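What follows is a single chain, given as structure tokens, in the form predicted on its own.
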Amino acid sequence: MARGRQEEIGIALLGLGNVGLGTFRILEAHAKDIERRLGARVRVLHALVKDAQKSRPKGLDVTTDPEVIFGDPAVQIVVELIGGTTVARELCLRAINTGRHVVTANKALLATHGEELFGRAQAAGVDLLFEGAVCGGIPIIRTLREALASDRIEAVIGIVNGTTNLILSAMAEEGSTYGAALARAQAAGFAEADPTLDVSGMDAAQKLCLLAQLAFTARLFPAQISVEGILGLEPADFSLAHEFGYVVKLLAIARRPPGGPLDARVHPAFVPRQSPLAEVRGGFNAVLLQSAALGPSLFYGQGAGAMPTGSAVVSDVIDACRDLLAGVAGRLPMLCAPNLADVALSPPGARQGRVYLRFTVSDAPGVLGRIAGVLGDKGVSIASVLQRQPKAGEPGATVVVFTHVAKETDVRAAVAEVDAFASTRAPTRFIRIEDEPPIGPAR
């Protein structure tokens, strides 16, 4: 493709859903500002769609045929917003192989086929940019790749899925059940008809892969991450969290101590009410970084939606345009060999930390003593305990235990033993307590 100074740069949009339309509208509305900053116009030449008969913005050339895009030499940047991992992969590879820069917001594609795509882009001498793939409009990718390039990242802890955060906020603030909170989120358009990817924690795991690759140059795939979703949470857990000074959040966590294995996991957690993450409500996202030189830093904003994500996509388009105008590419290391390496992963259950346990048991003498005995036998020390009699309609009494720091495998073994008691009326609820988010001082 042509390089060097030019008056106009042509782009093509692959997909014209919410984010695609948001991207187009930002490019149109901010065209003069973008031209002033670049010294060149950016024009959307084509948009690939499934149905060309739908109503589209005026002046936008839509097509159902990829050949229209790849046959036009004026298209220098391809913006992939289709989603999925099959057609999107094929089209991205074709764009790369024909010398075009690629911008994508597809975290599933990059988590699954990222190393292949980045490797091809590196070999072809083109950019593959992906700011919109994680946390919508929050510039967390650019921060890790550029702003903190001089620092050593020690931990990443984030609320990176707006749908689950919206559901958890409703359950905490309104006392809603999971089902009621999900139904409201779906009715308002904040949750998919099939929310499995979000509520299972897998969407957050895909995003965590990208963040961990950037933070630790670690080759990581979603299947390697310990993932728990929000399906088992009940209103009682939220009221008890509030009573003891916590908020329930779905966290994506990656930590790598010097010389130690990478700890990567996604799960619900009790977060202290004074933590900045506790204040992240509704569909917002936030990422806490702990780095050796800077110390703690918090990045907060809209985690999804047409305009926030479109804003991130357009920022990548502008970066690609700058490289085209300068006649360069590959300024930043691609997420592929040799810039990624296999690392040792912390095995499931190796975590040392505090845990919240909610037992549902028969309201009978001696049950609390038996629970305490099992925990003690497994080396799990109790920090506090609360026992409540059953209310009408409840299957049994509630015993709540907050542990001291303990090895997770020991706590799990104790829970399994208690759950086998004849006096246990429901599976024990196990939720980790993240008392120590990375908010300590720089060293």
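Start at 1 and count along the sequence shown; that's the residue number. The structure displayed is predicted, hence computed values, not measured ones.
From this point on, the text means the form predicted together with a small molecule, which you will not see here.
At a distance threshold of 4.5 angstroms between non-hydrogen atoms, Glu131 is out of contact with the small molecule in the predicted complex.
Taking the partner from elsewhere, Ser275 is found to have every heavy atom lying beyond 4.5 Å of the small molecule in the predicted complex. With a 4.5 Å cutoff on heavy atoms, Lys249 does not count as touching the small molecule in the predicted complex; it lies far away. Although the partner is absent here, Glu115 is not a contact residue: none of its heavy atoms lies within 4.5 angstroms of the small molecule in the predicted complex. The stretch that touches the small molecule in the predicted complex, counting heavy atoms within 4.5 Å, is 184-192, out of 356-364, 184-192, 95-103, 221-229.
For the residues Glu80, Asp316, Asp198, Asp127, the 4.5 Å heavy atom test against the small molecule in the predicted complex is passed only by Asp198. Put simply, of Gln122, Ser311, Thr163, Gln76 only one has a heavy atom within 4.5 Å of the small molecule in the predicted complex, and it is Thr163. Compared with the form shown here, the Cα atoms of Gly189 and Leu110 sit 3 Å or more closer together in the predicted complex.
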